[in-house]
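Take a look at this one chain, the form predicted alone, written out in structure tokens.
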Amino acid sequence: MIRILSRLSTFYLDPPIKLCLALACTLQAAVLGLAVPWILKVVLDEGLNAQPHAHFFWLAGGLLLAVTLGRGLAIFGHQYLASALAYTMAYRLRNMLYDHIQHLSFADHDQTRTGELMSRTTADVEAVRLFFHFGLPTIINLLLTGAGTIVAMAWLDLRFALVALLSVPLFLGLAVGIATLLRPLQSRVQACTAELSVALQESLAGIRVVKAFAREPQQVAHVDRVAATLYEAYLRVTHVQALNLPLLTLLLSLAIALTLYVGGQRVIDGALPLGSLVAATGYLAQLAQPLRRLSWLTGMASRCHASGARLFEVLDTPPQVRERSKARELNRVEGAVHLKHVSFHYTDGVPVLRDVSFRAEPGTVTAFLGSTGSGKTTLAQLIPRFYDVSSGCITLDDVDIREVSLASLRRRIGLVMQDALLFSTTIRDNITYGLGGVSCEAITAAAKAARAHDFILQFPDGYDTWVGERGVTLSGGQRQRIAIARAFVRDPRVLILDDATSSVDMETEWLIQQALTELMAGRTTLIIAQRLRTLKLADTILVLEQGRIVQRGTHRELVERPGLYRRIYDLQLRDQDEADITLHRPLNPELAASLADRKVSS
């Protein structure tokens, strides 16, 4: 526990001036609190046993009021500064955590659920803040008050100090024992809280699927089971914490009773003034309130330890894709992409790509085709270094992409993925995402090129239309065309289209195909698609099967050869292309001649 709390305290100690002022206020409050029983002692010993001055009690009352006001001001300053330090700590810790999550690679995110990360950035950070906001100041106050009480009681009578010192090991032993019992229970609470966050996040993110399959009762039951598990975990914590307060009260009562016994005997014998006994019991009563909070403090400290361990589990995870210390910047890029004997596997060790080699010259279009799981999408994700190759290398303009900075590499690459994710902001902001100072003309040109301009103008707010969370207010084809416009406004030298037309209808696909012919000109373009209609634009087509390139060539060449490409062609396009010849529809001349020759020969 000490190691985790000491690491967390580094976020709390800055700025030091606020910490010093907070400690000064805490010390002032503790000292002034110790003055109150001493004033009562003087009043009892001097004011009642002697003939006091007429103004004695007025002076004593005024002094007591001044001490109380000064203590109140000190407590105010302490609470304000402790709050400021705790909230500053939470702000820094949450930002550092989110920044680290942003720099983790795809491989790291593959192993962690979104709801789990959300729980750590919210619930776990909040648990740490609560301890440093309330728990740590209370512990400091308890230590100062306890030390001052022992000194004051020793000044009154050494026997009182001995009683207090004998009580300390008992109080500390109880606190440590309760904390030991609570630590695994609080870890369980935080883990169950994360599970509940995951269940809620997945259920709400997939609410349309839930409703489509009428699974609302099942989802409610699932969340109820997770919430019940959290409830039971909290109950176990409560059972242990409930033992703490009665035991602490018992120990404190024994200490007060022993003090009254020892002091009462000395008062009866005339060896001790009554005021000293009253002051001693007053000091113990002052110590009672922070001691009663030990049950609360032990639970809070255990939860802080559990949350801190979960936070550092993320912060101590190094990104699997790292930028080298002297990575160079990519400035001018022609767009030559070269894969040299690339192999890749995920964390399970099963090979996804095996000895893949090809070269895409600047300005050419290279397409990838293969069945599900053949490695097409993985191949596209290796080029921007979302993952690092397991063996081999990838170069851009003959420069190993591991030698350049990630930001400069990804600025040169435009990527449109299968799932077109839009953010909950305007269409304009989604198109210019990641860029600053983009002119309205450039945005409009990109939208027109992606065949999105016309439908955008149909909205009342045009480009300033809010698209909702994940772009839910738009159709799949509209989201995809905005994502394509977002890639094109960057004017990348390398363009990757990962099934960019897979979620659009035939009319929208035709519009995008028109845009691709214009927009791919002069760019190195890598296309991943399941529809052969899209692949006809490619200069080279690579056919993947079980992570290997089994065929390569143009559309016409591959249609002529037996193999996977020809089988897919026969299923998708042969009948349509032959019908185009029969109906005299426009067709690629080379493809038409090839089909005619094959028809005659058959």
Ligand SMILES: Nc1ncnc2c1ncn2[C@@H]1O[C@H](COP(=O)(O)OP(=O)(O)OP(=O)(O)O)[C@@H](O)[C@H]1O
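Numbering starts at 1 and runs along the sequence shown. Bear in mind that the values here come from a model prediction, so they are computed numbers and not experimental data.
From this point on, the text means the form predicted together with the named molecule, which you will not see here.
Engineer: Please tell me which of F134, F455, Y387, Y433 lies within 4.5 Å of the named molecule in the predicted complex, judged by heavy atoms.
Structural biologist: Selected residue: Y387.
Engineer: Under a 4.5 angstroms heavy atom criterion, identify the one residue in T378, Q478, T88, T364 near the named molecule in the predicted complex.
Structural biologist: It is T378.
Engineer: Evaluate Y98 for contact with the named molecule in the predicted complex, applying a 4.5 angstroms cut-off between non-hydrogen atoms, and reply yes or no.
Structural biologist: Y98: no, not in contact with the named molecule in the predicted complex.
Engineer: Would S371 sit within 4.5 Å of the named molecule in the predicted complex, counting heavy atoms only?
Structural biologist: Heavy-atom contact with the named molecule at 4.5 Å: present for S371.
Engineer: Answer with yes or no whether E313 is in contact with the named molecule in the predicted complex, where contact means some heavy atom within 4.5 Å.
Structural biologist: Looking in the predicted complex, residue contacts with the named molecule do not include E313, since no heavy atom lies within 4.5 Å.
Engineer: Would D110 show up as a contact with the named molecule in the predicted complex if we use heavy atoms at 4.5 Å?
Structural biologist: D110 belongs to the contact set for the named molecule.
Engineer: In the predicted complex, which residues of 243-275 put a heavy atom within 4.5 Å of the named molecule?
Structural biologist: Contacts from 243-275: none.
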